[in-house]
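Shown here is one chain on its own, the form predicted on its own, set out as structure tokens.
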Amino acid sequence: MATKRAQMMEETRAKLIRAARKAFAAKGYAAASMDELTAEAGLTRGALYHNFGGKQGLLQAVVDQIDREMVERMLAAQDQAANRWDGLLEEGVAYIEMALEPEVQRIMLLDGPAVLGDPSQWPNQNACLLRTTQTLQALIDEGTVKPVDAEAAARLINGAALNAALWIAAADDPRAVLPKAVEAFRQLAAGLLRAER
């Protein structure tokens, strides 16, 4: 009985997240009606409040879901690279390139920060920062990267990718900004390399 109830609750949450994701991407957070998105999910406003506490909690759940998908794609880009350094760069570039996608632009880079605050302070950023720090420490240990504080470098690399993505998302012509942002990101990161590389 308890298992069936938990399954039903999970299905309800999934329906609400799916409907919200569609509404937030199409209309934006502010214009998305809770009544319309709950009707789209075949549920009531009460279900939304019970599961997420309100519209902002639902946005957080959508952001978390999209973030997990983005991380998977970034890790896939990293895995395709020839070496650890190139993997670090490709992960950052993949993140920057996702800023061209309408759903990522609207939800993750425009509405998310406006409603949920600074993305660098979101809980899911801690795992990303830790992974980047560990990668940089390994690059330092193997002599590819200059001796530098790995966490400080990770914060700056991640911050550069985030700010590049925010710039693209807010630009009048995101496609024109992308190559400039990627090139600058690569050049900034290259400053960490030992000269003999």
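Small disclaimer: the values here were computed from a predicted structure and weren't measured. By rigid core we mean the largest C-alpha set that fits within 1.5 Å across both forms. The numbering used is simple: start at 1 and walk along the sequence shown.
Omitted here: the form predicted in complex with another copy of the chain. The next part is about that form.
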Close approach of Ala181 to another copy of the chain in the predicted bound form, 4.5 Å, heavy atom: yes
Under a 4.5 Å heavy atom criterion, is Leu156 part of the interface with another copy of the chain in the predicted bound form? yes
Taking another copy of the chain as it sits in the predicted bound form, is Asn163 in contact with it (heavy atom to heavy atom, 4.5 Å or less)? yes
Contact between Asp64 and another copy of the chain in the predicted bound form at 4.5 Å, heavy atoms? no
Can you work out whether another copy of the chain is within 4.5 angstroms of a heavy atom in all three of Ala23, Leu75 and Leu130 in the predicted bound form? no
Answer with one of Glu69, Glu36, Glu142, Glu151: the residue that has a non-hydrogen atom within 4.5 Å of another copy of the chain in the predicted bound form. Glu151
Taking another copy of the chain in the predicted bound form, which residues along 84-107 bring a heavy atom to within 4.5 Å of it? Arg106
Does Asn163 shift between this form and the one not shown by 2 angstroms or more at the C-alpha, the core having been superposed? yes
With a threshold of 2 Å on the C-alpha, tell me if Asp173 counts as moved between this form and the one not shown once the core is superposed. yes
So, superposing on the core, is the move of Gln60 at the CA at least 2 angstroms between this form and the one not shown? no
Relative to the form shown here, do the C-alpha atoms of Val177 and Leu59 sit closer together or farther apart in the predicted bound form, given a change of 3 Å or more? farther
By 3 Å or more, the Cα spacing of Met108 and Glu151 differs in the predicted bound form; is it closer or farther than in this view? closer
